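Two forms, one protein chain; structure tokens for each follow separately as structure 1 and structure 2.
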Structure 1
Amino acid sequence: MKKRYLVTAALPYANGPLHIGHLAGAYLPADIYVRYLRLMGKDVVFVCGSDEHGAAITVKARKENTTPRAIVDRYHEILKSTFEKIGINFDIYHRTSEPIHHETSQNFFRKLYDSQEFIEETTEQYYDESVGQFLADRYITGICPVCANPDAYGDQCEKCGSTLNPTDLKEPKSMLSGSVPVKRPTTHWFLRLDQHEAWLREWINTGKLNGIQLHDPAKWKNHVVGQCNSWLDQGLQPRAMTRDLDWGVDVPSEIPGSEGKKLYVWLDAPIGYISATRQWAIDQGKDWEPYWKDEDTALIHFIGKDNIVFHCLIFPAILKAHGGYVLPVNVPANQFLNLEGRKLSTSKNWAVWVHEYCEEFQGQEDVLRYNMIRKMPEQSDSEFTWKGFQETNNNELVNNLANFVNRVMVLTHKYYEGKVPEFNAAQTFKSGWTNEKPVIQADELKSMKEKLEEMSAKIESFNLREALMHVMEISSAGNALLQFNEPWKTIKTDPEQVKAVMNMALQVVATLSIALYPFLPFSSGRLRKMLLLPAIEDQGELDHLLKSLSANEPILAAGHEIGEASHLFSRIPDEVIDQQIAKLQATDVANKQDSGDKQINYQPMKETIQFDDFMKMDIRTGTILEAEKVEKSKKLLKLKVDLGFEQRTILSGIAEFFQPEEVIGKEVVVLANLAPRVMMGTESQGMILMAEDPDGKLCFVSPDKGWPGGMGVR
């Protein structure tokens, strides 16, 4: 194990609140891991913060008629308090709008610039002449080429989720002025990722850099290594590290041509981890540099799978290009969490918002945490359902864990006036782990220690759901201990044995109060209080516990007095679950209505044309004679169309909606004098006219059956 740890959790974007997908994907696993490290007495710093730059925030500000500053201030506060409420314990929750971050990231840029890691390249970008500035992808709207949504952004259509380039949009419009943007050349600095490809490939696949073993690739998740290799095999391209933006970190002003240029978010955001660490060091009077630069530091990034290539390829390339920084020793990216069978969607409000949960389920933070861990998408996508939430709470937290604790507490008060009983160390009883031969307490403590070690191993390999199962097995063994020995019976016949059994049961409860801490910190705290034990203070308590167990030392001394029994968890009734399901269904209905009536998103009318303009088009009737799929294409069908006087080859992007055999014989309308165009190696001589609905579905526009081909349409 390394001497010190720096753990990061992906910086959430400050334009919306936190939902359960974020939680299960990155923040909860990071928090559990960090809490565990601290329980083992490790030196660890856990950083995160709001990612507050970029065009999406300016766009949102414009829409709400406010400033970017106001937007990020608002969401920074929401995010920060949500993390606190759900028990995600960062050492610092920073923000990228802080001056120290601007300074840090500018210095990074400067260093890369000076060491000639960049090439300057000029490309064509959309420019709004009326306001005199380049338009970020997000500042351009237009008609989505995929689903015909008229409000698609230049980088993405929020309706159908397609990733776009601004040049893909039909009828692009500037969001600043509403005018039609023009293409204009602009110069940016590109990181030579192509030059980093070779060492990245080796580092990812062998863990070695310059012959030095930095990590064990076998410990990285399959999908992480796979995704990286997929990129590496396609060849890395130089990547722009700057943008034409007005909300972000300025390119250092002494660099020629820096005016109006801002750092690209993927340079900006990960460096936010470093800025946050620096600020933490200032606040704590510590030195930040060992945490980023000492070889004996383990850097670990917790992220969702959408961030893999940035954290495994691009950021490491930046760190190495800069020099002097350690590379991540692991990037345990999680996959995605679905909600009731569907993808989480911020824009469609298909989500469970963590701040709302904390309001509606006060005091039940751990119930959500527990369910998130049980359903954590560690290896593949997984699913959250409210029914499942209820089941894990009632069956596992209440029936197994809380009930066990309660049994022990009640019996201890009943038999021993709330004091941990003295017992004879040689007294035998039945084990809670194996119902075979009788054991003494030393044997039981050893079994428990082994289980804790299994839990530790699972946490260290990022198998958190299994780790949690091991903790629950300790509780099950506690229940079994009581069940096999039946103290409520033996109290009359063999009170000496009951003392040994109950003492053991109390040791199990005390052990749980520590083992639960990484996963369910609130419950751990409540349990410690119930036992009248000091709260966990991140001081290596688990390490001490393991040592005590090895040395056969009990955790709770005989004679120690415990507090009042109370229920650690309560059953969640059907009504509460039904209410939450109804709430989701309501947003679903609202969404349908949105797209159903008023917001059907009819495409806006195009500008008026003259009769002559229309007459320029030669539209003809025709019949599809042949149809086949175009090799290597998902969307294109190659059609042979009979226009009566001749036959044409026409490529049409309808393969996702029609099988070749079902369009043969179809009578269609063709734009016949459209200039030919080569696609996927075949020339298309015209265009089949189709009607398209808001979801991008297509249908043929056809003449009446049997109408002859080649007739003009007007």
Structure 2
Amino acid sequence: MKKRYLVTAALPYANGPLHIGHLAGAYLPADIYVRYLRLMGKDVVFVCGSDEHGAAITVKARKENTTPRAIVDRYHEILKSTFEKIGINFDIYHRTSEPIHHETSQNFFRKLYDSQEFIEETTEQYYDESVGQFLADRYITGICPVCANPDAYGDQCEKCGSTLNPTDLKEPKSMLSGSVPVKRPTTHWFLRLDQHEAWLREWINTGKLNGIQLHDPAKWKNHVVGQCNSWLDQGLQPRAMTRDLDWGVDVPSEIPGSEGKKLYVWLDAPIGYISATRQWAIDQGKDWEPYWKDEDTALIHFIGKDNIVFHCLIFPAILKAHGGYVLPVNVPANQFLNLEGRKLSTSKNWAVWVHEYCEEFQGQEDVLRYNMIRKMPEQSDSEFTWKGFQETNNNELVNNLANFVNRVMVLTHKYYEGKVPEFNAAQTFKSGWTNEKPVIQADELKSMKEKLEEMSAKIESFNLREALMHVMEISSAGNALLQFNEPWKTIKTDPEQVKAVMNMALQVVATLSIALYPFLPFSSGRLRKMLLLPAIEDQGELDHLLKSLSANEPILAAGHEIGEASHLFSRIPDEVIDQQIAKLQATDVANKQDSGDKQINYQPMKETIQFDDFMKMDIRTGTILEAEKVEKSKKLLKLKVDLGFEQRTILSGIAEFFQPEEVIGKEVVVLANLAPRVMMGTESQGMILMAEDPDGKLCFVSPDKGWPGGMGVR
């Protein structure tokens, strides 16, 4: 590990609020990683801030008939407060409109200009004659040349993710007036990216620069390296670093031809990480330069996949061209999070807004954090659904984590007056980890340490979903410890063993109060209060815990008094989820009314599989012989299905769409080699295949009438 860390999260545009796609893409991963580093006692600075320049801001201001300053002032405060409410703990949340940022950006431009890293070129760019203005990238829309999306921007297609130039668009039009723009000559400064191509290729793919190993390419995500190589293989071209705008950072006035020119937002914005660090250092009375210029610093950028090229090619080229700055050791970009089968869309309000969630689900911030981690698009696009949100909360957070903690706290007060019991260290009990064999506390502490080490390894490799699952496995092991030993049954017959069991269960709860901190900081804080332990202060608590477990030292000493039990999480009822789904449906109706669009919204394609993967599935025809509702379940029908060669019991989540008597005799298609799964006390031995329409209605996938059962589908 490096001596110090400078961690950045992508600067959000200050032209709208934060939605869950932003959260899962960049900010939550960065926050988890930083909290973990601090738990390990590392020196880390975590910076972010509002990106307050660029055409997106001025487009928003024009739409609302106000000024860019009014827009950025409003949304900066919304973004800042939203991050605080959801527990994203920056060292500084800065603004690119601050004087220190303008100064820093202009100094960068001067240095690159003086070093002859720019070429000055006059090119034809789009101009809106009706308003008398050159059009920046985001002022132009048209048809994407890659995917034919009719609403692509001049710099990027948000449908296929392609990076574009305005002149690439087909049928361009001005966003200012709706008119067709014309081309006029204008002069700008271009960064000679072509001169940086060779070293960028070597640095991306080998981690080396001038023979020095700067990063481990094996730790970079495949889609990050792949997107960089795609650009490199096409050949890097000079890219304009200035724009004709009236809002942004001025090109330094002493440079000839600077009048009316602003810095390109992708020159200005990443320099915002540096200016934010400078401001943090001033506020804290520290030196900012080691965090950006010392080779023993690890610079890590957390971003979404649409920003890969800017952070992996353009910004590193700017840093190297300037000289004296470290390059990133990793850019762990996530892919996109979809919502209820569709791409998140700010313009169409198809989103779950984080500030609204915090208002409507007060005290349940960690429920959203947990769901975002479980659905984090680390290697491929993923999807959030409100039903999945509910099931994850009720089944994992409530049934596993909260119930375990509550049982331990209640039993400790019941049996030992709220104090950690003292016990004979040689006393054995049944393990909570792999099986029911008798162990002593030292064995359980060792297993818990190993699980924490697995969690740490996953965080360090930016595999945060698996890291969280290792934490939940600790909770599951705690539940198993109680279930295997049943202290409520043996308290009278073997009180000494119960002391050992309850002492160990309390050690698990104390361990969770630290292990949960990177992921669920609010719940971690509540656990610490329940246990009457001091709040975590980011001073190496996990490092200390691992050392204690290695030395077979319990976290809670015998006799330590704990506080009263309280529920970490509560079940979320159907009506709450139904309200959120209804809100999205209302948005959908409004969008269709506004646009007159009757187009079907198809679910996104899943990740490509190989033919061999398909051949592993054994799909058969069958007939439903019997059907009945499953007691205490609104969704499940219990079906008896004839496959010809045998009959199967299958539970199917179709009770909201079909009555049992409707499906008897239905000829169906069954995934027959799906691993059996116990639901509501019944083992389901396969899956009925169904089709779903845009409104969520289901229908059976059926063979021709009279088709024999048990036949393979291919």
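Residue numbering: sequential along structure 1, first residue numbered 1. Note that the coordinates shown come from a computational prediction; the quantities given were computed from them, not determined experimentally. Here, rigid core means the biggest group of C-alpha atoms that superpose within 1.5 Å across both forms.
Of the two copies shown, the second one, structure 2, is the form predicted on its own. Remark: with the core as the superposition reference, the CA shift of residue 49 between structures 1 and 2 stays below 2 Å. If you fit the rigid core between structures 1 and 2, you'll see the Cα of residue 619 move by 2 angstroms or more. Relative to the superposed core, residue 69 shifts its CA atom by less than 2 Å between structures 1 and 2.
Summarising the core-aligned comparison between structures 1 and 2, the C-alpha atom of residue 706 is found to shift 45.8 Å. In the core-aligned comparison between structures 1 and 2, the Cα atom of residue 184 sits 2.8 Å away from its counterpart.
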